[in-house]
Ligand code: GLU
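The chain that follows stands alone, in the form predicted on its own, written as structure tokens.
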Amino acid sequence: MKYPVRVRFAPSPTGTLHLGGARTALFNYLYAAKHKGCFHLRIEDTDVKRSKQEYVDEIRDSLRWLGLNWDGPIVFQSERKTNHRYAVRQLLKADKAYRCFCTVEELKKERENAIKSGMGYQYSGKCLDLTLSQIKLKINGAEPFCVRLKIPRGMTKFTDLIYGKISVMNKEIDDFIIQRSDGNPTYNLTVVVDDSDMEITHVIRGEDHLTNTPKQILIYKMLGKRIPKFAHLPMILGPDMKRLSKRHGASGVQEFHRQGYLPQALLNYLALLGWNPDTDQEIFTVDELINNFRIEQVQKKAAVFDEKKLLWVSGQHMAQSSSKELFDRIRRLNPDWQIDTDKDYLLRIIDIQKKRIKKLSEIITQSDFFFEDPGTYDPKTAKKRWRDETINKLIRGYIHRLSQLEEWTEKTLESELRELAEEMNVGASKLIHATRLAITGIPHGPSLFLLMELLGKAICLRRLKVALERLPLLLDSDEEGVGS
């Protein structure tokens, strides 16, 4: 019988959703969408001490912001303890698990002896030989115990969709604990029960779980459950080739949201961390990712996080997005941004800026000159672009031409400047740089003439005249900004 594809993303609410988790969620989502299956969200919140509701909310909000919407209600692992404990009882009843009454001190001594002998530690299994009467006596005496899986002889094999065929000798697997002495089942048991009950067909997760897979397959077999297919994703490394962490500046997904990244840009970049479409295409919409995604194209080699590449991908998506979409996202990001300014004017600013910036936040922080006259002038630019009175002469000539200009458009503004530069026998760039400094106070920005068209004649003439009074300035002007 062929089952429809059902996958899940199962984070623990012990911290924010980081990039590695977001990529795992994305690949599960893409696989489900590609095969017209279901994508589920399960919160593995059995770690009572570390699990927090605020992290549940943050994970949920992050996935929604990314557009990775799940099917059905969220499954909370903490609400399924009855199912987990029932599975443990089943294994005990079938003699596929046993109670272990070894104390912490006894286990510590076993481990120390194994280390001294130069052997890898495995539990001795001495509680495996306890008789029924011995077990009853210990239980009646209220001796604490955990429950261990009885590992059978033989070999466990499976085919990973990314790493290929994998086989492990069962003798290399310890009789691992499936229920702690406090009565709480462990991860390897709970994940099998939950995935089975949720009818998960494909488990797509990080490669750090690869060593758990043979253990879980044994539990599937002992419980008589259908075994899903597995795919283990390579790690994401920092530039220093160590596992990506906060020390690399790898913040949670919500921090990327606050910084002004577009969700589709972050998804696009995450998809490229380990997945190769076998083409030169690098910029994808979500629909294109779904259509092109194949789990077999995920690479075995660890992916390396590159912030410069992320910014480039983000810039491509900014340029391709409509100004209306960007405006709406900016409003959600910062509801107070230029709240009293005409919306059409803001849309025109976004339209001008979106092809040169990488994040929404840059539109907010790099657009002051659209609203206010420059209070200072970048000192390095002033020293380089307005060194002496010769620039004042050029600017006066440009002001004269602009004052008489009847048609205030990008084309006529550029034409007047280039004609003046030719008359004065100087390069047009010399006048362009000085004019930009006078109008914006900074060395870089959008197309100068498009900017001037949007600002209008009165504002441009005023700013040029003010610059004539304040520039040129001494080369040793204060570093905070010339003319402050």
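No experiment lies behind these values; they were computed from the predicted model shown. Residue positions are given as counts along the sequence shown, with the first one as 1.
What follows is about the form predicted together with this ligand, which we do not show.
| query | Looking at Arg205, His317, Arg148, His202, which is the one with a non-hydrogen atom within 4.5 Å of this ligand in the predicted bound form? | reply | Contact with this ligand in the predicted bound form is made by Arg205 alone.
| field | Answer option from Cys460, Leu471, Ala10, Leu17, heavy atom within 4.5 Å of this ligand in the predicted bound form | value | Only one option qualifies, and that one is Ala10.
| task | Pick the stretch from 183-191, 113-121, 325-333, 140-148 whose residues have a heavy atom within 4.5 Å of this ligand in the predicted bound form. | result | Careful reading of the contacts points to 183-191.
| query | Does this ligand come within 4.5 Å of any heavy atom of Glu58 in the predicted bound form? | reply | Glu58: no, not in contact with this ligand in the predicted bound form.
| said: So in the predicted bound form, is this ligand close enough to Glu416 to count as touching (4.5 Å, heavy atoms)? | reply: Outside the cut-off, so no.
| Contact label in the predicted bound form: Glu44 to this ligand, heavy atom within 4.5 Å | So Glu44 counts as contacting this ligand.
| query | Any chance Lys359 has a heavy atom within 4.5 Å of this ligand in the predicted bound form? | reply | Result no; Lys359 lies far from this ligand in the predicted bound form.
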